[in-house]
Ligand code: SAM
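Take a look at this single chain in structure tokens; it is the form predicted on its own.
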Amino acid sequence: MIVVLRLGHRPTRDQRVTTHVALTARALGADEVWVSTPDPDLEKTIQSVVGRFGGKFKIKTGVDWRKAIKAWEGQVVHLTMYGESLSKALPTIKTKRLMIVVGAEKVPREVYDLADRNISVGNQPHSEVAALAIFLDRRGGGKKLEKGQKGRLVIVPNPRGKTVIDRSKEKTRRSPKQG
């Protein structure tokens, strides 16, 4: 069980980035994303993706992050620029129950203290989406993106266009060749 906890989501400012956090979490093997701020539109967007592309991924918004971290039965990893090196820390994370914390705005100091591990994907300013993607991809051995979710829509690799199979219509839609 892997849960990504998104802190500090501001719906008017962070909508797109938080959506990308959730999509990245889903695509790279997380089971759920929890967002500290209530956002029914975000929930609908992610549920729509899961409905079309498959999987059992869940989203919850309006989560009290302090209670969630304190109640978590497993390891809590906070991704930050200021933590221990990812390459050194990752081999030591053996638990299957993992909460990965990513921030939006400035992360409260308390998060650093509540987390079991503060792990740095890099020590330069970077995106929380990139940090999450790198962490999950390395943890999954680079294989998660190759696994399909067996959804209604399936994207077929195509070097010159888009091929999407809609299983509900049992029909393949192809875009024109892209030059």
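None of the values given here were measured: they were computed from a predicted structure. Residue indices: 1-based, along the sequence shown.
One more form of this protein exists, namely the form predicted together with S-adenosylmethionine; it is left out here, but the text below deals with it.
Ok, A131, A30, V49, I69: which has a heavy atom sitting within 4.5 Å of S-adenosylmethionine in the predicted complex?
-> None of the other options qualify; the answer is A131.
Does F53 make contact with S-adenosylmethionine in the predicted complex, using a 4.5 Å heavy atom cut-off?
-> Judged by the heavy-atom cut-off of 4.5 Å, F53 is well away from S-adenosylmethionine in the predicted complex.
Would you please decide whether G141 lies within 4.5 angstroms of S-adenosylmethionine in the predicted complex, comparing each non-hydrogen atom pair?
-> Output for G141 is no: heavy atoms all beyond 4.5 Å of S-adenosylmethionine.
So in the predicted complex, does G122 come within 4.5 Å of S-adenosylmethionine, heavy atom to heavy atom?
-> Looking in the predicted complex, residue contacts with S-adenosylmethionine include G122, since a heavy atom lies within 4.5 Å.
Though only this chain appears here, would I93 touch S-adenosylmethionine in the predicted complex if you measure heavy atom gaps against 4.5 Å?
-> Close contact is absent here: in the predicted complex, I93 is far from S-adenosylmethionine, nothing within 4.5 Å, heavy atoms only.
When S-adenosylmethionine is placed as it is in the predicted complex, which of 112-120, 54-62, 150-158, 36-44 ends up with heavy atoms within 4.5 Å of it?
-> The contacting stretch here is 112-120.
Though the partner is not shown here, which residues of 56-92 have a heavy atom within 4.5 Å of S-adenosylmethionine in the predicted complex?
-> Sequence-ordered list: L79, T80, M81, Y82.
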